[in-house]
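Heads up, the chain below is alone and in the form predicted alone; it's given as C-alpha cells.
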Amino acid sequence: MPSDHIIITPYSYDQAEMVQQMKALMQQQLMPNAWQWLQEKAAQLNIQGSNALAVAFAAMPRKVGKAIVDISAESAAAFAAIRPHFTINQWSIDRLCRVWLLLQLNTDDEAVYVRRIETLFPAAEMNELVALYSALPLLAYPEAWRGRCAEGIRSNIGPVLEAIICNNPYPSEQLPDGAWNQLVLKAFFTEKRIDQIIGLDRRANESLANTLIDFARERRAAAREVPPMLWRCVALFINAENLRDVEGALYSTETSERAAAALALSQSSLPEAKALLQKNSELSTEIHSGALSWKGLAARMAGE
C-alpha cells in the first residue's frame, strides 16, 4: 500500500471494528429510547465546551440500566479477535455503554484527550471507576495510562481492583516490573483469582518470586495457609535456596497446595526439583497425563 494511504492511529487495535461490535451488542440489549439517548450524548461529546461526557457517565445506570450483558460465544470470540485477551464477560450494560462512550472521544490532540478522561477519575463512584479501569486496554495512547493503572492497584475497593487485576490485558502489556509485581502481590493479599491475571506466566520474574517466597515463609510461621497459586509464580525460579520451601508445599496438608507445588516442580529446570517430584509418583503421573494442570487446579479451587 502506498505510504500516503497509511492510516496512523493512536489505538493498538482496530478501534472502529471494536466500536461496531459493541454497538451491535448494545442495540440488542437496550430499549430504543435508551439507545437514542446514548447516541445523542455521543454526538455531543466532541463539541467544544460540552460536559456531555461527565453528564452521561453519571446518568448511565439510570438511562440504560444495570442488567448483565447477555453475550454469545461467537460475540465473545469476536471481541477477543479484535483485541486479544479482551472480554466483557459478566459486564453490566452501563459498564459497556460507558466504555463505548469513551471510544467516541476525539483523539487528535493527545493532551486534551488524556485530560478529558483523567478528569473523570477523581470524582468517580465505584461503578464508574470499574468502567474506567476496564477501558484501559481500549483507550488511545496506551502508554499514557501506566501511572493511572499503577495508582489503581493501591485501591481497597474490591470491584475496582478486580477490574484492573482480572481479565484485563493492559497491566501485563504496559506496567513496568515494579508496578506489575505490586499488582500480583495485591491479588494474593486480596484473594483475587490469580488464574485470571492476563500475562501472569509471561511476566514472571525473579524479584516477584523472591517476594512471594518470603510471603509464604511468613504465612507458614504464622500457621496460616499459603495460597496455592503462589507456586505458579515461583516455578521458573526454583533454586537451591528456596527448594526446601517448595518441598514443604509438596507435603502440605492442603491438597491444592500439594498439587501446585508439584506443578511448579515440573516446570523447573533444576535437577533436584525434578528428583523431588519423582518421589511423589502419583502427582507426577497426573501431571504427565494432563490430568493435573494450572488451569484445572484453578477451576477446582474456584469450585467450577
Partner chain sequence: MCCHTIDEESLQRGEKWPLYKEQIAGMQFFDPHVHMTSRTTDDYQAMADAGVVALIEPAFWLGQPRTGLDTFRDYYSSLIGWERFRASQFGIKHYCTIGLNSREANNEALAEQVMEILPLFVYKEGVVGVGEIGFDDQTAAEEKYYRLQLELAKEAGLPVQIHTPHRDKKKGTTRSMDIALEHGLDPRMVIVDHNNEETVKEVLDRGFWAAFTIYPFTKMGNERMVDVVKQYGPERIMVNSAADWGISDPLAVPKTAALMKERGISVEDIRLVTYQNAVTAFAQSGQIEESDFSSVKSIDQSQKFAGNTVLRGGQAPRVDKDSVFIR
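Please read these numbers as outputs of a predicted model, since none were measured by experiment. Positions refer to the first chain, counted from 1.
Not on display, but discussed next: the form predicted together with its partner chain.
Peer 1: Exactly one of A54, A43, I68, A275 has a non-hydrogen atom within 4.5 Å of its partner chain in the model of the complex; which residue is it?
Peer 2: It is A54.
Peer 1: So which of N181, Q196, N127, Q104 reaches within 4.5 angstroms of its partner chain in the model of the complex, heavy atom to heavy atom?
Peer 2: Exactly one listed residue reaches within 4.5 Å, namely N127.
Peer 1: Indicate whether its partner chain has at least one heavy atom within 4.5 Å of a heavy atom of R203 in the model of the complex.
Peer 2: Close contact is absent here: in the model of the complex, R203 is far from its partner chain, nothing within 4.5 Å, heavy atoms only.
Peer 1: Evaluate P159 for contact with its partner chain in the model of the complex, applying a 4.5 angstroms cut-off between non-hydrogen atoms, and reply yes or no.
Peer 2: Yes, P159 sits close enough to its partner chain in the model of the complex that at least one of its heavy atoms falls within 4.5 Å.
Peer 1: Spell out, yes or no, whether the shortest heavy atom distance between N89 and its partner chain in the model of the complex is within 4.5 Å.
Peer 2: N89: no, not in contact with its partner chain in the model of the complex.
Peer 1: Using a 4.5 angstroms cut-off on non-hydrogen atoms, would P122 count as touching its partner chain in the model of the complex?
Peer 2: Judged by the heavy-atom cut-off of 4.5 Å, P122 is in contact with its partner chain in the model of the complex.
Peer 1: Please determine, with the chain shown alone, which of 69-77, 170-178, 134-142, 188-196 has non-hydrogen atoms within 4.5 Å of its partner chain in the model of the complex.
Peer 2: Heavy-atom contact with the partner occurs in 188-196.
Peer 1: Pull the contact list for 215-231: residues with a heavy atom within 4.5 Å of its partner chain in the model of the complex, in sequence order.
Peer 2: If the 4.5 Å heavy-atom criterion is applied to its partner chain in the model of the complex, 215-231 yields R219, R224.
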